[in-house]
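A single chain comes next, written as structure tokens; it is the form predicted alone.
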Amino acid sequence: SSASTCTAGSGAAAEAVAPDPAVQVEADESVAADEPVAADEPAADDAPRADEAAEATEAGGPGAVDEGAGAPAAEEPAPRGPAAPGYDEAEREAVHRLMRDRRDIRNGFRPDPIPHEVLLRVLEAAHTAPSVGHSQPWDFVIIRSEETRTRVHELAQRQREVYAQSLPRARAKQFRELKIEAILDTPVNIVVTADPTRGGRHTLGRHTQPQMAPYSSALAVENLWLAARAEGLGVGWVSFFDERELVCSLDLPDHLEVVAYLCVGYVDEFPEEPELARAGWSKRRPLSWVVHEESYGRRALPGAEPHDLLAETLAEIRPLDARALGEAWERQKRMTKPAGALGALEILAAQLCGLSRTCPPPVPEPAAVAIFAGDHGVHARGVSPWPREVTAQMVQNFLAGGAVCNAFATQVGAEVCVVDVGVAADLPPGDGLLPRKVRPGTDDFTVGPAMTREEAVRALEVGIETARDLVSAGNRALLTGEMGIANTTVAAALTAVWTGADPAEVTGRGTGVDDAGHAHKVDVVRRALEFHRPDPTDPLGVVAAVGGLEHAALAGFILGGASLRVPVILDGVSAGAAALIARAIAPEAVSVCVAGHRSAEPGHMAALAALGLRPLVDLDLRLGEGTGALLALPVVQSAARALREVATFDAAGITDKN
């Protein structure tokens, strides 16, 4: 990727340089049992295999021995003994069960005192944790005093409120229903700290990574947690603190870092699944999403072949559930209203049931709008009056909360995240920005392909991964947004390919070109299509030829939502073009799409007609940014609420017309 910060040839250079012993870090003397170390084996260059040596001898090569000269034969290396044994099956299962059953507990603590010998065993386990350079940077401050715990509880409550105020409205409502600490409910609180100065200036392993002190203390936290679970003790990690405020309140030395504040005590029960998962706050990500072999993005579980992210996603896309659809229509007939009185909302409600495989469906909240941002080489053809730099400037505006999409998101309680999939400028890090740059803008598609096929796939994967991240974080609705000067020109080209329409019929004025500018824009699209003659049956080829990075990412976002069975509310013309890409790749993906609104751009209605989608809002919008999708969100949520909350004739005791 051109966005890579690694210099070419750095791997070869690294191989030629002797390793810095300060970087060759060992965590104590511990080595994972499933990662045997072969340090005692001779290097391959120094010790040829026996069969290679035999071949060399037969050929009279350098290793050959002149029997007449009486030279001694080379000694065979002594065979190595068996590897160190692991635990037996019962013990191994007990260890793995302990890790599976560990829970972050906030509810159900009991006031029972913890015996000293039990607490001592737990602390001994924590103290045996591995640490970088055997530095053991941790300390454990045990707090039992009600006065101290009350003071700390007040600190946590203040930060809880600050966090709640930072959340979108739907998330804030969900958060306020959660219990996030048990400081006053537990007999013992334990503060785990990290001392970055412990071991002196030359602590092994911290030369290039000074953050190893808190990382090592975090390993002690894990040991403590597992030991506590084995003793029947619940542990709850509280992180709602200003760290310096907590250090001052507990009168800790200023140089210490607080790694964890733990509430420890006996509990009524250990829940089967994490409390935040039960509350719908988040979901556990599958292991297959997070294991990479040799290089990041090459996903493969041990013993399995690497799997393609796009292919894996497509394999998960299924039609709407017929049983849930039927139940939705039957319930619509029994609701206390005339049949069909809610018009398109009834169709939408049934669609939500088919997606969720249940009737009534869950209300699609919380929701998140992902704004994919990218620049376009075709901008050089004068298709927009706005300079290219505006893309990066608007990204900063989104992050600062100053755009229309931010105002609408606040109104409807949605989260805004911005994904840099191809902005030409280097963007500084910021809250809400996901740096996923495939390349810094596309090439001019009037003289060559906009991108390579590989880049098109990578942009699709960015969209898939974004959908996965947002759904795993607990969002139940995904909204599309985009930002990129000249992206309506790209949308027009894509729409023309899959609708068969003439460029003049699907090319609009975008950000406001005059008549001459519009005619020129149509001509640019026409010339690009004549130059490439893209094949609509080859969607990746079309995207590579005349697509945009944000359009490809939006298509991946739709495919990701479809694989996770989460409704995707489409915004305007760029989202419509992206949905055409998604449909060309996986026709069933359209079943998750909801047309949020009808854009004033002519290509949008052509795309929606081809997709068979009916827009929910028609206000002549042509802004993008996800604004139309955000306005439609309450309508989509209302459709679900109607099925969930409106009584049926029999339940309400009302006589229907029959």
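Source: prediction; values computed, not measured. Position 1 is the first residue in the sequence shown; the rest follow in order.
Keep in mind that the form predicted together with a small molecule is not shown, yet the notes after this line are about it.
Contact annotation for W225: at least one heavy atom lies within 4.5 Å of the small molecule in the predicted bound form. D443 falls outside the set of residues with a heavy atom inside 4.5 Å of the small molecule in the predicted bound form. Contact check for V152: every heavy atom lies farther than 4.5 Å from the small molecule in the predicted bound form.
Contact check for E389: every heavy atom lies farther than 4.5 Å from the small molecule in the predicted bound form. A single residue from the set R158, R110, K179, K173 has any heavy atom within 4.5 angstroms of the small molecule in the predicted bound form; that residue is K179.
Shown without its partner, this chain lists I464, V238, A328, M451 as candidates; in the predicted bound form, only V238 has a non-hydrogen atom within 4.5 angstroms of the small molecule. Just one listed stretch, out of 129-137, 291-299, 95-103, 554-562, contacts the small molecule in the predicted bound form at the 4.5 Å heavy atom level, and that stretch is 95-103.
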